[in-house]
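Encoded as structure tokens, the following chain is the form predicted alone, with no partner shown.
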Amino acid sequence: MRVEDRELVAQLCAARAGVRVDVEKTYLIESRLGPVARREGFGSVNDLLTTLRARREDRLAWGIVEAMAHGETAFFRDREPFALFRDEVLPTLAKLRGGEPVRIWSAACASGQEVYSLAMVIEDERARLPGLKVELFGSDLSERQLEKAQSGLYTQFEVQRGLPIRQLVRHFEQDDEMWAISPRIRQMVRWRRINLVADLSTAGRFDVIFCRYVLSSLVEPMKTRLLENLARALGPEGFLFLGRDETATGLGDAFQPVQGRTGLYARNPAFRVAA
């Protein structure tokens, strides 16, 4: 790939979704965009980018951005956040809501493993939390990722990555060579395509937001915007989960860490949320 083509991809991703692309990683760019080129009928990634320069077609541009924004995901990734959600956050919020639904958002759900992990935790905790009501939402930038998530179908490799055997037995059924998550779990989730660095004023208000490993993938100016957007979408007593090595410290005043709880943040009371 030519340098100018790699720079075009980086500029496009940064402008539309805040996604950081390393222009030195030629192989990564080509491997991500190869399927886009083939899907759109081009002979190569170079042909795809040449056409984009000539036409500036919105559909092609978003296809490139969505492919480059594709993130890694797995069931119960890192374990600790899901244990913290189960043991502390969910019971606390259930009590505070007093019978009203606890609203939970997986804000970059990719192919659905994170939000389905949350759904399985919630389902397994119902006996311990009688009267629990939950509204569970999953969103992603990529329409293709959302389509896979909504199907609830996963390969043997995907279910082996992080999914405890007891959860597999309880919540999945084998479907030929794939594993299908139960209709009960699948129907717990509502889906929507959302660009997290765009205007989130219509996204709603939530008690818990999982937005893990997104912050570290963004260009610097967009990191503060993302956190401010999430703060506006989070209720005053709500919680934000970031990735294991991510931090909101030094990126504006929207959030403050919850002491002793790695990756868990609360909205800073001093942060002014626009009406």
Partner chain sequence: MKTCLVVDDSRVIRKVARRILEDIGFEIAEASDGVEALAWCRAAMPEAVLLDWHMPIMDGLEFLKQLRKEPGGDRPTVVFCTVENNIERIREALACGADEYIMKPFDGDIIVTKFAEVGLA
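Numbering follows the first chain given and starts at 1. Not measured: the values here are computed from a predicted model.
The following text describes the form predicted together with the partner chain, which does not appear among the structures shown.
- Only one segment in the set 134-142, 96-104, 161-169, 200-208 has any non-hydrogen atom within 4.5 angstroms of the partner chain in the predicted bound form, and it is 161-169.
- The partner chain is not drawn, but in the predicted bound form it has no heavy atom within 4.5 Å of residue 187.
- By the criterion of a heavy atom within 4.5 Å, residue 156 is counted among the residues contacting the partner chain in the predicted bound form.
- Although the partner is absent here, residue 151 is not a contact residue: none of its heavy atoms lies within 4.5 angstroms of the partner chain in the predicted bound form.
- Although the partner is absent here, residue 79 sits close enough that one of its heavy atoms falls within 4.5 Å of the partner chain in the predicted bound form.
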